[in-house]
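Look below for two forms of one protein chain, each set out as C-alpha cells: first structure 1, then structure 2.
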Structure 1
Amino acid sequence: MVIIMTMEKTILICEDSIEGVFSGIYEAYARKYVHSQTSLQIGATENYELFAEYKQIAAEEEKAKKVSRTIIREFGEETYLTFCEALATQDLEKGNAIYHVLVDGLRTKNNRIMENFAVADVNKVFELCRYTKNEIQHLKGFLRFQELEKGVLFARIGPRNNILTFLAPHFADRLPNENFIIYDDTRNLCVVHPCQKEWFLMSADNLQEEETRNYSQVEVAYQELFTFFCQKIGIRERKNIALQTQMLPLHFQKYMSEFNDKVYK
C-alpha cells in the first residue's frame, strides 16, 4: 500500500481593504509559510477546502505600511499604484493574485515583474487595474457637482469599484477654492474637501439626506435649463437607446440630472 503525503494548505482570511491584504502578505512572510501552499482570501466563505488550515488576519496599519514600503522600494511607485487600483475592485481573487505576484517578484529579484504577462497572476492584476482605471476616467468626466443651499458643491456617485480616494485628488486640484463633497452611496463613504484645505475620507453615517437634496435656486434653474436643452437638441426619430447606453452606461445616467427627466428618456 502506498501512502501519499500531502502538505496542508494555508488560507489567510483578510479584510477587503489595502490594509487588510497587505497585513495578510506581511503575516505570510513573518510566519514563514510556504508561499506555494499559501493563499489569501478576501472575507469569510461558506465553502471550506479539505486539507486546508484557515487563519484570520487582522488589518494592522503598521504591517501594511511595511509591505507598502517594500513594494515601492523593490518595484517602484507605479507598481504600488497598480496594486492599489487592483485592490479597489470587488474581485475576491485580487488579494491572492497580488500576493503571488509579489512573491514571484521578490524571489526572482525582478523589479519589472508587472511586465511579465506570461504569468497568470500578473495578467489578473493588470486586468483589475485597467477595470478600475476605466471607471476612474469615466467618472472624471461624468461626475456632476450640484450646489446646495449652503453653497457646498455635492456630487453623488455609485461606482462599481472603491475609487473615492482616486477621484479626490483630481477634483481637489481643480477646485481648490470650493467646499465640496463626493458621496459614494454604494459604500456609504464620502470625500470632504474644505476650501483651501486637504481633503479627507469619512463615513457618511452623519450625512443628512434631506440637506443633500436642497439645491440652491441657481442650481435648480441651471438643471431645468440643461434638461430643456437636452430635450430640444434630441431628434426623436433618430433616438438610439442601445447606442446611448453603450456610450453612457445606466449606472452613470442614474446620477445625471438630464436623465432623471421622463420626457428626455
Structure 2
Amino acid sequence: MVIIMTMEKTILICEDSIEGVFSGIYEAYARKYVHSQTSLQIGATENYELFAEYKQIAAEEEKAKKVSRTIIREFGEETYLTFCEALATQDLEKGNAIYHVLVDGLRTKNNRIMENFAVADVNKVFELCRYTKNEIQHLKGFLRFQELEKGVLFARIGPRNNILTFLAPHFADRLPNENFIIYDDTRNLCVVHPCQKEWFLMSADNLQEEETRNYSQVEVAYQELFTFFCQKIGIRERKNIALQTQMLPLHFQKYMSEFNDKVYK
C-alpha cells in the first residue's frame, strides 16, 4: 500500500502590528517551515481551512528586531520603510505578502526585490505602501491644528491607515517650539510633542473631549479668517465642486475647520 503524504499547509496567526508580523516571519524561518506551504495571517479567522495547521505567534520585540535588521541589511532602509508603510494599512493580506516578498528576495539574493514588479506579492506590497504614502501626504496638508487654552495645538484626524508615527516626524521638524497633540480618533491613539522635546505615541484614554474644545481666545477668529480666505481665493467662473471633492474627499473635509460650516461651496 502506498501512503500518499500530502504536504500540510501551515498558517501562522500574527498580531496586527509591525512587531506581530515580523515575529511571524521570524518563526517561519526559526521553525524551518516550507515557505511555499506557509502563510501568514493577521488576526484569527472565522473560516478555518481543512488540512491546515494553525499556529498562534506572539509578538516579541527581540524577534521583530532581528527581522528588521535582516531586512535593512539585505534590502536597505527604503525597502524596510516600504514594508512598514504597507503594514500600516488595514489590509489583512499585508503580512503574508511581505513574508513572501522577503522569502523570494532572500532565496534569489536579489537586494532590489521591490523593483520586481512582475511578482504579484511585490505589487501587492507596493500598492499597500502607496496607499499609506498617499494618506500621509494628504494629511500633511489636510490636518488642522486648533489652538487650545495655554497655546497647545490640537489636531484630530480619522485616517484609514495607522499613520500617526509617520506624520509625527514631519510636524516635529516643522513646529519644534510648539506643544502639539495629534489625535487619531479611529484608533484612539495620539502623538504628543512637547516644545523642544522628542515626540511620543500614547493611548488617548485620558484625553477629555471637553478639553479638546477649549479653544484659546483667538482661535475662532483665525478659523474664520482662513475660511474667508478659502472662499475668496476660488474663481467663480471656474467653479467645480466635483473636482474639489475629488481632490479633497469628504472623509477629510469632516475634520477641517474651513469646511465645518460649509460656507464656501
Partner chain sequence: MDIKITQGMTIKEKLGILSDAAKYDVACTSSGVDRKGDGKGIGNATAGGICHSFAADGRCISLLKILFTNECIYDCKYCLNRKSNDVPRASFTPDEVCELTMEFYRRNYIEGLFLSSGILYSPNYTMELIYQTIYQLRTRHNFQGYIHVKAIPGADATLIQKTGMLADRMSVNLELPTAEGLRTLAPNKHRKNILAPMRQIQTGITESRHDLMIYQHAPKFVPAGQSTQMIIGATPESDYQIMAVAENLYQKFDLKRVFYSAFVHVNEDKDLPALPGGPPLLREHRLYQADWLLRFYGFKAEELLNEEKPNFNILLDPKCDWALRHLEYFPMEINRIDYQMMLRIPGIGVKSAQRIVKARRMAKLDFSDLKRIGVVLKRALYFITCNGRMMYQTRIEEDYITRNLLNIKEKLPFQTNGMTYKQLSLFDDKNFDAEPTIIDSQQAAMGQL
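Structure 1's sequence is the ruler for residue numbers, which start at 1. Rigid core here is just the name for the largest C-alpha set that superposes within 1.5 Å across the two forms. Treat the numbers as computed from the prediction; the structure is a model and nothing was measured.
- The form predicted alone is represented by structure 1; structure 2 is the other form.
- Taking 2 Å as the criterion, residue 59 does not count as shifted between structures 1 and 2: its C-alpha moves by less than this amount when the rigid core is aligned.
- A displacement of 2 angstroms or greater separates the C-alpha positions of residue 226 between structures 1 and 2, with the rigid core held in common.
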